[in-house]
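The chain below stands alone and is given in structure tokens; this is the form predicted alone.
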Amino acid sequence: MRYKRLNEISLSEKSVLLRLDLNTPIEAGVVTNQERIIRSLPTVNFILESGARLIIMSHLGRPEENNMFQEEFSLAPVVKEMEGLLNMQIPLYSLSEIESLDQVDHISIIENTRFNIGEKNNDIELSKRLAALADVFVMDAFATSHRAHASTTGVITFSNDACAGFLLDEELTALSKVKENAKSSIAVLGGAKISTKLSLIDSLSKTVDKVILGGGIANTCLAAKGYEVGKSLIEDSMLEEAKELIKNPKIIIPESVIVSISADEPGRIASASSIQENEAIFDIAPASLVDLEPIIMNAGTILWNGPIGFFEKENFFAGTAMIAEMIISSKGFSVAGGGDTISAAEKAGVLDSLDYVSTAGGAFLEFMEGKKLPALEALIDKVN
């Protein structure tokens, strides 16, 4: 996988257009989680210290694509956060405003890329307008690299020069390490829907040693095995696919679980064969954790995506918390990704102990499935 990296390009006296993922949670006009901003700072600082003029762009949320300013989706709160972290003033411009400047500032930010008509369908004219803003384009938004948008993919095609930023390169290096060490790898996959991860499960089960399933994904597999799962969260439409999936001996579905008549009621330990009609599965039980421990502890690399139970509720958080502890205590190189996974790891107090935490959700899954990421492909094509 050959693409140009940031430290391979001379940036002094040049203008640089940097695509970041600054799609951060905002409440009452204030950024509530700085993670994606902080992870972008090494690239930002490197470019500024190289003597380049920097223009940053990002999307935020899902505004209407109409060339109109929409305050609810403005990057203004993000800009304020970055000003504090970088200790400098950063002007915020619309695309047309920055195009009209004779020379760009030392650092500036363009308003939400999704305000612009043509962003999501990778419009050629919009891509050319973005590419014309700078001498060099730097793609550092791995979390959006699976979307063929004008600001992530089209702009690369029309740029004079293009490369990967430090975060994008870091993400690809960490995830590739899991794929390359597949013989000693395991995957721990949770979450609500098997439909969103069926391709990932199928792909990983062909390469890694074991795939441990939890959450609604495991519930659907238990139902496919013929167990009565009561009111558990399952996908009826995926039962046939689940039946095929569980034929693979690499797939592990915990059959000792915690059930309850309500998420607000205490749970009880039950085997998969003793779940009542009015009960639902909310977590995995200690016996399952005992079975899983040697598999996790002896793994060479561990991919974790998705909580194992209804972790938001304290009475059903224990399973996810114990899995998280096993992962960080194992000898393996651990990689975690996805919003709920990060939230669960943070709640369990292990976020900083994981070897690598991906900023991405969809791109993380698609890369691990073996799918081609449009922005990455464009960077590779730029070299060839």
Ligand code: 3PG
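Sequential numbering from 1, following the sequence displayed. Predicted model, so just to flag it, every value in this text is computed and none were measured.
Separately, the form predicted together with the ligand exists; it is not shown, and the next lines address it.
**Student:** From the list Ile194, Ala143, Ala299, Ile109, which entry has a heavy atom within 4.5 Å of the ligand in the model of the complex?
**Tutor:** None of the others qualify; the residue that does is Ala143.
**Student:** Of the options Lys231, Arg147, Lys210, Lys225, which one has a non-hydrogen atom that comes within 4.5 Å of the ligand in the model of the complex?
**Tutor:** So the residue touching the ligand in the model of the complex, by this definition, is Arg147.
**Student:** When the contact criterion is heavy atoms within 4.5 Å, does Gly370 count as touching the ligand in the model of the complex?
**Tutor:** Gly370 lies outside the contact set for the ligand.
**Student:** Looking at the partner-bound form in the model of the complex, is Lys331 within 4.5 Å of the ligand by any heavy atom?
**Tutor:** Judged by the heavy-atom cut-off of 4.5 Å, Lys331 is well away from the ligand in the model of the complex.
**Student:** Is Gly361 a contact residue for the ligand in the model of the complex, using a 4.5 Å heavy atom cut-off?
**Tutor:** Close contact exists here: in the model of the complex, Gly361 approaches the ligand to within 4.5 Å, heavy atoms only.
**Student:** Check whether Arg36 has any heavy atom within 4.5 Å of a heavy atom of the ligand in the model of the complex, and answer yes or no.
**Tutor:** Looking in the model of the complex, residue contacts with the ligand include Arg36, since a heavy atom lies within 4.5 Å.
**Student:** Pick the stretch from 322-330, 344-352, 56-64, 27-35 whose residues have a heavy atom within 4.5 Å of the ligand in the model of the complex.
**Tutor:** Selected stretch: 56-64.
**Student:** Note that the ligand is not shown here; using its position in the model of the complex, name the residues of 12-40 with a heavy atom within 4.5 Å of it, in sequence order.
**Tutor:** The stretch 12-40, when checked against the ligand in the model of the complex, contributes Asp21, Asn23, Arg36 at the 4.5 Å heavy-atom cut-off.
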